[in-house]
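Only one chain is included here, represented as structure tokens and corresponding to the form predicted on its own.
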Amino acid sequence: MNGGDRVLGVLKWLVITLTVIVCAGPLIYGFLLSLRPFASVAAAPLSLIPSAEEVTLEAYPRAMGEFGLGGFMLNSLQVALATVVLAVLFSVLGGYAAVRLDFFGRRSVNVLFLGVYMLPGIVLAVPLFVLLSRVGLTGTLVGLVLVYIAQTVPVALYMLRNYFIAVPASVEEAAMIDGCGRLALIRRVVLPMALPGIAATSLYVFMIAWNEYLFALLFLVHERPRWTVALGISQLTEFSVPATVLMAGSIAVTIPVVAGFFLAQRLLISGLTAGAEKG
């Protein structure tokens, strides 16, 4: 290895180390802050590592119980899982139809899906609020799920379309020759081959539903027992809430998303690469 290669190697690791510090540093600092008593944080807020005597988990029960974050997380989990199941179900059928079926406007449908998703949420807020008010679904988790489905189906359909393109048409033709119907073909042939893409799309939809704030505020602001985690975390930013409780709540609400990434890690890695291929 010559001198130039050594310099490039050192620079590469310096850049990687700096990137990790910038990205993970605030998260680690927030986690360590949540393990300290508020009096200790107020006395030395920039102290990074708490002493063994200082370490306490009292901020987490306060965030989950006293400030209701545990119930808000349960509400968000129900909303996010329902959104994932229904949005992915509709998107699988729509994405497959956009790839394999012939219909008028098939070539422009991809642009249409992406264009709908790019509409700002504030543009749709008033029409959706009026519509749900007329059917009596404002202030309910069911109404919020319907809004999230409308919000996530376009992007989920756009993503799944690319994964279905990667499925060889010859495999489907062989299955249909053997007597497989269209729905059975999707269930037995297409879905197993596109499973990595479905996992990646499901996690993305879950993240959208879990973190969404605007529509949750619009529809649930007067129904505190039905609040989601986005609304719950916003209440922790009030001046009267200790910083340790805010950090504990912020760490707690990231756990479901991080757990989802770890559980679906293999499928996500293969899905991200498969979606970029076209068979």
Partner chain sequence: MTSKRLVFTRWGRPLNRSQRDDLHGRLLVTPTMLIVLAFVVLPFLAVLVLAFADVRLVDIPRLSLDRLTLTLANFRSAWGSDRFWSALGTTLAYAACTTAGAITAGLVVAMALRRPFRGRGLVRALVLIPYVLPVVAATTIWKTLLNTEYGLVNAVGRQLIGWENPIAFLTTRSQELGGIPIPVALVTVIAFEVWKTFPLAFLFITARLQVSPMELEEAAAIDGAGKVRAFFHIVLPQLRGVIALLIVLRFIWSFQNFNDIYLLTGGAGGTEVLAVRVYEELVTRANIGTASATGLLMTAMLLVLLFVYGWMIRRERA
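Numbering follows the first chain given and starts at 1. Just so we're clear, the structure is a prediction, and the values are computed from it rather than from any experiment.
The same protein also has a form predicted together with the partner chain, omitted here; what follows describes it.
- Out of the listed residues V167, L141, L132, V189, L132 is the one that sits within 4.5 Å of the partner chain in the predicted complex by at least one heavy atom.
- For the candidate set Y163, F72, Y96, F206, a heavy atom within 4.5 Å of the partner chain in the predicted complex is found for exactly one residue, namely Y96.
- Here the marked residues F67, Q78 and A199 all miss the partner chain in the predicted complex; none has a heavy atom within 4.5 angstroms.
- Although the partner is absent here, L35 sits far enough away that none of its heavy atoms falls within 4.5 Å of the partner chain in the predicted complex.
- Under a 4.5 angstroms non-hydrogen atom cutoff, the partner chain in the predicted complex lacks A82 among its neighbouring residues.
- The partner chain is not shown here, and in the predicted complex it never comes within 4.5 Å of any heavy atom of T56.
- The shortest heavy atom separation between V116 and the partner chain in the predicted complex is within 4.5 Å.
- In the predicted complex, the partner chain lies within 4.5 angstroms of at least one heavy atom of each of the following residues of 133 to 158: S133, R134, L146, V147, I149, A150, V153, L157, in sequence order.
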